[in-house]
Structures are given as structure tokens and as C-alpha cells.
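Form predicted on its own, single chain, as C-alpha cells, below.
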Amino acid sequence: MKITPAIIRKWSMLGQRGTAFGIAMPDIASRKDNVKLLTADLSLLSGMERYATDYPGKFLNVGIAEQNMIGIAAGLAMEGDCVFASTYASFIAVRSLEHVRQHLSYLNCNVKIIGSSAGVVAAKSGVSHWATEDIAFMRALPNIKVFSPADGLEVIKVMEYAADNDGPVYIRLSGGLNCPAVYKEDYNFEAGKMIKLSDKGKDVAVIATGLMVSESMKAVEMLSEKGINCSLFDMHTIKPIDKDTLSEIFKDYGLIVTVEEHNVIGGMGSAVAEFKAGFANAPRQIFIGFNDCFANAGSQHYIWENTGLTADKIAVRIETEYKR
């Protein structure tokens, strides 16, 4: 697939979901005969019209039956298909959790589950349509790889990886329309390998995932102006975790800050802390995310503002902790 700055800007406008289903899936279907895309009545909302029109034999809308969709996906995978199955992250990772565990994790089926509207991008729909615990559920299941892309281009990279590698995968899509572009040009993506986005010094290592990568980029710039030098890492792969890069971070930095649009319990920050627990004299870690709570409904930015996930709030928290 040809990737240019202009195309990246287009994907940014489409958002993560539009890029996944309007761009990545048609491209994958054009080069793989055994691909199937399943949705639980979200084809229009997810931007799947082009795919469904061009590849009707590779598309199935199961209706509002998320749990059944996982069983159907597993059956198709057992017959040799590479299956992508998608609905709201809250439904696929919570409502369908037992089915994901039994059919995909335990049987190691070649199904790629895509949780759309993860985090709080479904803002005014309320808690029932948010997913701030999906990482915790999915990374606890054996065999399942867990990805949380930062922008539209990274969605393309993750989708291509999932299509070309066997085994169950969970892809967390949290960006709506006009999702900020973290990557302005093409880059080398390696599953399980964090990307160092900025290196302003060794005061603080900021590790972010999903939409929080963009917010953290702005926070790091704010802190740099105050003389606090941070390095920023994009953790697009939460499982398997990048042990090599983390080992180097633990040696080089005195303060680790993990930032995610997810509960601080069980999420990306917990995965980092679990690995860090095996190190002697490991650095202090600050967890930024939903502090074991839900939030009042409103716009996504309103929710972020009230839970400390905007760039300025992230910067203030890091500055406060750094000066302790």
C-alpha cells in the first residue's frame, strides 16, 4: 500500500474505525482469498459499506448478536478462514468475554477481534458504550495478542500484521473522526516493539498507548519548556510486552509515567509494573488513566478533562510527581 503524507492526513480525518474498515480491510481482502469480516450490526457506523459492496462473499452482518458472532468467527477460522470480527469494544470485550475465552483464547483460533469505540470515544452514549477495562480482560487471556494503535497509520500497520500472522488478536480502536496523526510519514512497524517518539532527556520516560500518545506528545512539549526533559514511547503492542526496551528504560530513567485511556488497574500501566517488579532498584512509576472509576457522560474532551487525561493535566501531574 502506498503511503504518503497526504494519504496519512486523509486517514486522520477518517479516524481509526474508518481507516480500519474503509481502507485496511478492502486492501487485505484484495490480496487474501480466505478473509472474512463479521460485524454485529455496525456496518454503516463503522464505514464498512465499500468493503461489503466490493467483497459481499467475504462479509457477514450477524445482527445484534455479539456473542454468537464470536462463535461464528471461531467456526469460520476452524475451516481455514482469517476472520476479522468487530463491534463496540464494550460489547466484544465485556459482553462476549466468555465466548472469546472459550472459542478464541482456549482454542487459539485465527480470529482478529476489533473493539471499536474503545476508551470513551462513544462519550455521550454513556458507560454502557465505553470500554475502560478491555485491555485488562484481553491481556489476561492466553494466546491473544493485544494492540492499541495511536493513529490511523498505526491502525493500517496493526491490521496488516494481524492479517499476515496466525492466531487470535485484539485490536483496540479508540479514535473517532479527525483522529490526530502521530506519524506524519511512513515508518517501520514491528509488533511487540515500542517506538521512541521523542528524546528530550532522561528526567522522565513517558509510555503512552492509543489516543494518549498524541496527548502525551503535547504534554512532553509543555514540560520541555519548563526544563523537565522527557522521552516519549508509543506502546502500540501491550501483549506481548516489549521487555527489551522496557529493561533499558528501567536502567536509564528515574521516573516512569504510563498514560492510557483505560482503568489504571489491569491496563498498560499494570503490564509495565508487572514486568518492572522483577527488577532490583527499579524506578518509581506513576499511573495516569481512569483512577478505578467511571465518569459522567459528556464529550470525549470533557471526560478527559475531568479524569486528568488532557495534555495540560498530564503535564501538571508529571511536573508535580517529578518535583517530589
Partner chain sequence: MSYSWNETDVEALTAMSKRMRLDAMDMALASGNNGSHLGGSLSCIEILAVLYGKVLSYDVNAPLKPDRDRFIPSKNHCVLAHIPALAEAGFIDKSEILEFQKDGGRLTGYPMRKEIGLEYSGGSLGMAISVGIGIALKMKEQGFDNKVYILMGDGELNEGSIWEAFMSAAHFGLDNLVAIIDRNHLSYDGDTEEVMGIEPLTDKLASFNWHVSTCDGHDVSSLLKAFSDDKKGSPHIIIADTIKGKGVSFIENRREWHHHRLSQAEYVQAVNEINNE
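Numbering follows the first chain given and starts at 1. Not measured: the values here are computed from a predicted model.
Only in words, not in the display: the form predicted together with its partner chain, which the text now covers.
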Inset, instruction - Considering only heavy atoms, tell me if E160 and its partner chain come within 4.5 Å of each other in the predicted bound form. - result: no
Inset, instruction - Give a yes or no for G71: in the predicted bound form, does one of its heavy atoms lie within 4.5 Å of a heavy atom belonging to its partner chain? - result: yes
Legend entry - Close approach of F189 to its partner chain in the predicted bound form, 4.5 Å, heavy atom: no
Inset, instruction - May I ask you to state whether H103 is within 4.5 Å of its partner chain in the predicted bound form, using heavy atom distances? - result: yes
Inset, instruction - Establish, in the predicted bound form, whether E154, L177 and K218 all lie within 4.5 Å of its partner chain, using non-hydrogen atoms for the distance. - result: no
Legend entry - Candidate from A52, A297, L255, A65 lying within 4.5 Å of its partner chain in the predicted bound form - any heavy atom: A65
Inset, instruction - Would you mind picking the one in M78, A140, M222, V127 that has a heavy atom within 4.5 Å of its partner chain in the predicted bound form? - result: M78
Inset, instruction - Considering its partner chain in the predicted bound form, find the one stretch among 22 to 30, 266 to 274, 55 to 63, 41 to 49 with heavy atoms no farther than 4.5 Å from it. - result: 55 to 63
Inset, instruction - Residue by residue through 16 to 48, tell me which have a non-hydrogen atom within 4.5 angstroms of its partner chain in the predicted bound form. - result: K36
